[in-house]
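Presented as structure tokens, the chain that follows is alone, the form predicted on its own.
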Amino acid sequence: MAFDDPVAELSAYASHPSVSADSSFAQGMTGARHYVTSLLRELGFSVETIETPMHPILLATRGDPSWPHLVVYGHYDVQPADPLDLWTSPPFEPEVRGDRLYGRGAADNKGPQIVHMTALARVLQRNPELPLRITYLIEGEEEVGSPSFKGFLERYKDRLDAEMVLVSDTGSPNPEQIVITTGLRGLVALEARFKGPAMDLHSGVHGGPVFNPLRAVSEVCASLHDEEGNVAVPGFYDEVSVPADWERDELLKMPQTEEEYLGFIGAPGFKPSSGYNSLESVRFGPTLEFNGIGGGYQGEGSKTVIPSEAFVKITCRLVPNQKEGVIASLVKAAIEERCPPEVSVEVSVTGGGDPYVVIPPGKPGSSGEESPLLKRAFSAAEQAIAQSFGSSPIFMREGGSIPIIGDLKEIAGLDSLLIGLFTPADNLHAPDESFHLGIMEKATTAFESIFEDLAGPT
């Protein structure tokens, strides 16, 4: 029977090179999709493959319409494995070393999916008629920004008449301390291209009168922060919601000091924006970051040119109550206004999503109007995690972004319970990605309790 050996199931799933960003991996995408489809069918789900302009979404259902209804989200696509020479073992030949299984996608997000499914398989083996209606949504475009997911929700929202979403695509600090994620930062992605002369020019023959696009991009980028590290864009902070006292208190429970964090990062020092310490700023503060900058000669040695153009790639992380569209417009306008007149600039918005936050039932600021299933889920998760891991979970926002969580709230009206099952040591998106087998075992036990609790009488 499937799921008797969850590590073997994960190894098989992670062996499919399902890189959504690269069309040469189409066979791997198909293989991963077919594999997870077979697992869902083994669990008794009816599975539909919903076509999209890029990679299909799996919509799987089981259970009576009269039962409490839970949506479970995951994604079968993974990041590219490059650089391949930095992997200890081949990225798509999963290998157990010590207490970890190494392979691309092992933690993000195939391992957590196997945890959910194994827990559900064990519960259904004990109670085949478990009175819990479950809809699985497993997409293949998360690692490229989920461009098809919003349209899918618009078309299929009537099929998602549920009470909540369960997600394990967030992080925890270590294998002993689990975090229930209560918020995700939003995202705005932009690219600005600065254009000067019609062609690259000899820097000796033409240097002097020509305004270098590299100088332009440098001056504009330098203008986007002040000396205190704050984003110097008018209106950027106007709608920022400060964290509640209970959130700052939860952060104090995290098993990491600023000094330890700095040691992990390996930088000479931190410079958070005003009003936050370093640990607070990564979870509660908005940002504007330069992700890539270039132009001109990049090869070995010297080439004396004035490049015809230069570029910068920027992302902003947003917090409640900032809006993706507003921030994109503000940053775009600031770049255009600050571009020297001797150079032209084109700014494109390449992606984004609004922030998401859910206040756990019973915490200050909660509405008290949460769905009965969501209230039960938070309580069940807190108890099950404490029992399985030996310590209570921390309720904490995360610095990363999963735009589709906000879309599920906006379009389908669904709040999410996000339970982090990967850790910083898992090397997400980097060589030697892995999934901790101790987390896998303990989390599976915890989710057994959660599923059984959600199916109980209201």
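Throughout, we count residues from 1 along the sequence that is shown. All figures in this text were calculated on a predicted structure; none of them were measured in a lab.
The protein also exists as the form predicted together with a small molecule; that form is not presented, and the subsequent description refers to it.
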Seminar exercise, completed: Answer key: of 63, 31, 68, 403, within 4.5 Å of the small molecule in the predicted bound form (heavy atoms) is 403
For this session: Have a look at 123, 288, 72, 187 for me and say which one sits with a heavy atom within 4.5 Å of the small molecule in the predicted bound form.
Result: 187
Exercise. Check 142, 171 and 422: does every one of them have a heavy atom within 4.5 Å of the small molecule in the predicted bound form?
Worked result: yes
For this session: From the candidate stretches 53-61, 426-434, 386-394, 40-48, select the single one in contact with the small molecule in the predicted bound form, where contact means a heavy atom within 4.5 Å.
Result: 426-434
For this session: Examine residue 317 and determine whether its closest non-hydrogen atom to the small molecule in the predicted bound form is within 4.5 angstroms.
Result: yes
Problem set entry | residue 415: touches the small molecule in the predicted bound form, heavy atom cutoff 4.5 angstroms | no
Exercise. Does residue 108 make contact with the small molecule in the predicted bound form, using a 4.5 Å heavy atom cut-off?
Worked result: yes
Problem set entry | in the predicted bound form, residue 398 touching the small molecule (heavy atom, 4.5 Å) | yes
